[in-house]
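One chain follows as structure tokens, the form predicted alone.
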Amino acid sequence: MERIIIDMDEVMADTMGAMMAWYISSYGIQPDYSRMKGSWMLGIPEEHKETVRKHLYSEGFFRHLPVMEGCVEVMEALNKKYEVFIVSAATEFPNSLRDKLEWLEEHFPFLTWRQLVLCGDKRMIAGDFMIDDHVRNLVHFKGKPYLYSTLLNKDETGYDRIRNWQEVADIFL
């Protein structure tokens, strides 16, 4: 059975959407999306960055993220056809570990705890396919990498892109 490695943040969960909604609600201003190449923080005024970081590291932030449209249904179908592992470089955000586990249990009850890998670096991950929004996680991957398109990686080249969960279904199902 072929193995698919799938990232959580910005692939399964709308992390940036949740953070930007919180930021706009908290400060009443729009971030500068045009400056966010590679990092949200580049679009946030300097005087707000520390508060934004604290929110990102806070308990519960990763627990209440919206699920990307179509993700649940496609993941359920993938799980029947492939060996699926959810791999998240989560240890940078210690509070996210429990949050991510509970989020997956709520939204993806068909996945087991054995299919979740919370790590700091994805270089040791092996599989046939990987879907991730960060090139740094794909560059060392030995299987077929797919870059999940986000605002932060819009200028990256050299990878087949996936724009949404319907495209995941079109490719793998």
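Being a predicted model, the structure only gives us computed values, none of them experimental. One-based numbering along the sequence shown.
A second form of this protein, the form predicted together with a further copy of the same chain, is not displayed here; the remarks below concern that form.
Out of the listed residues P45, P109, G120, G28, G120 is the one that sits within 4.5 Å of a further copy of the same chain in the model of the complex by at least one heavy atom. Taking L116, L138, L56, L65 one by one, only a single residue has any non-hydrogen atom within 4.5 Å of a further copy of the same chain in the model of the complex, and it is L116. Comment: 123-131 is the region of 45-53, 30-38, 123-131, 143-151 lying near a further copy of the same chain in the model of the complex, near meaning a non-hydrogen atom within 4.5 Å. Although the partner is absent here, K81 is not a contact residue: none of its heavy atoms lies within 4.5 angstroms of a further copy of the same chain in the model of the complex. Shown alone here, W103 lies farther than 4.5 Å from a further copy of the same chain in the model of the complex, counting heavy atoms only. Interface residue remark: A77 is not counted as part of the site for a further copy of the same chain in the model of the complex, having no heavy atom within 4.5 Å. For L97, a non-hydrogen atom is located within 4.5 Å of a further copy of the same chain in the model of the complex, even though that partner is not displayed.
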